[in-house]
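In structure tokens, the next block holds one chain alone, the form predicted alone.
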């Protein structure tokens, strides 16, 4: 199968941060927020994560995928603000800069947390919320450290990166060369290497990023339990995810559905942490149906 390219990249200023994004199509605005975080030495994320979804969905909607703060080709956080709060603030600034009507927000993994947090803090920017395999957002403790422990390859090598993403996935065949190429291209950037030095070498991950995320996650789950989301939501989960198990997706659905009757839960079988890459046609159909059902509401 030939790789599906992204649209041509664009740039804008989002809260003082030079930000790359991709956009195509027309109609209801659908904004995709991928997972991961800055400064990870054996993996890296960018908007390319969504390449199997943007082109097909652009036939019906205005699809937009930014590179998050400190990832892809978007600039690193200013003043060492390596926090998820900074990521959420940057996403809000990005949406304000585009001057869109309320968007259908789609977030995966750590991006699912960022998307939910943004929806809670900025109701006016969001029409619907879709959360995909977000161990960061869902109640409970993640199993990344167990499932991805001790890669049998040199850290940062192509073999190591492939091993990481194959262990995220149900089928190793889903980990294509073009996906690995995109990951390695991000990891090779000097600004990304700088973020690795800060997060790992200067220990910002343990001193700042993780403690702040833990505190804000407790707050976010409390807000969801209080019914503050007030937006149609769907949770999509890969059944075979070993890093964010299906039971945690069910708990997240229950938490949201207790207060928002327009909440859906979908399971994609034979899929790991990236169901939108392992079964893109199924995922795209679920998302298109959800967006269409809540268009302009």
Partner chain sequence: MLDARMLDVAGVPTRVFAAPGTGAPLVFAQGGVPGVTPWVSGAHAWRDLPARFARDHAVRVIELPGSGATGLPAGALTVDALVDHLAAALATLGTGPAHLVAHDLAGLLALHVALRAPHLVRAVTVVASSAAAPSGDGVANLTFAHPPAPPWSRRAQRWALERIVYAHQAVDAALVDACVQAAEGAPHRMAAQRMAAGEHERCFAPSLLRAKARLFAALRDAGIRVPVQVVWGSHDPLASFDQGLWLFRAVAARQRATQFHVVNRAGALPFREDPDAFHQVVAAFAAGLAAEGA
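Positions refer to the first chain, counted from 1. Small disclaimer: the values here were computed from a predicted structure and weren't measured.
There is also a form predicted together with the partner chain; it is not shown, and the following applies to it.
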Worksheet item: If you check in the predicted bound form, do 268, 278 and 286 all have a non-hydrogen atom within 4.5 Å of the partner chain?
Response: yes
Discussion item. Is residue 55 near the partner chain? Define near as a heavy atom within 4.5 Å, in the predicted bound form.
Written reply: no
Item to complete: Flag residue 263 as yes or no: does it have a non-hydrogen atom within 4.5 angstroms of any non-hydrogen atom of the partner chain in the predicted bound form?
Response: yes
Worksheet item: Taking heavy atoms only, is residue 282 within 4.5 angstroms of the partner chain in the predicted bound form?
Response: yes
Practice prompt. Consider residue 26 of the chain shown here, and say whether it contacts the partner chain in the predicted bound form, taking contact as heavy atoms within 4.5 Å.
Written response: no
Discussion item. Please pick out the stretch from 44 to 52, 224 to 232, 251 to 259, 31 to 39 that is in contact with the partner chain in the predicted bound form, where contact means heavy atoms within 4.5 Å.
Written reply: 251 to 259
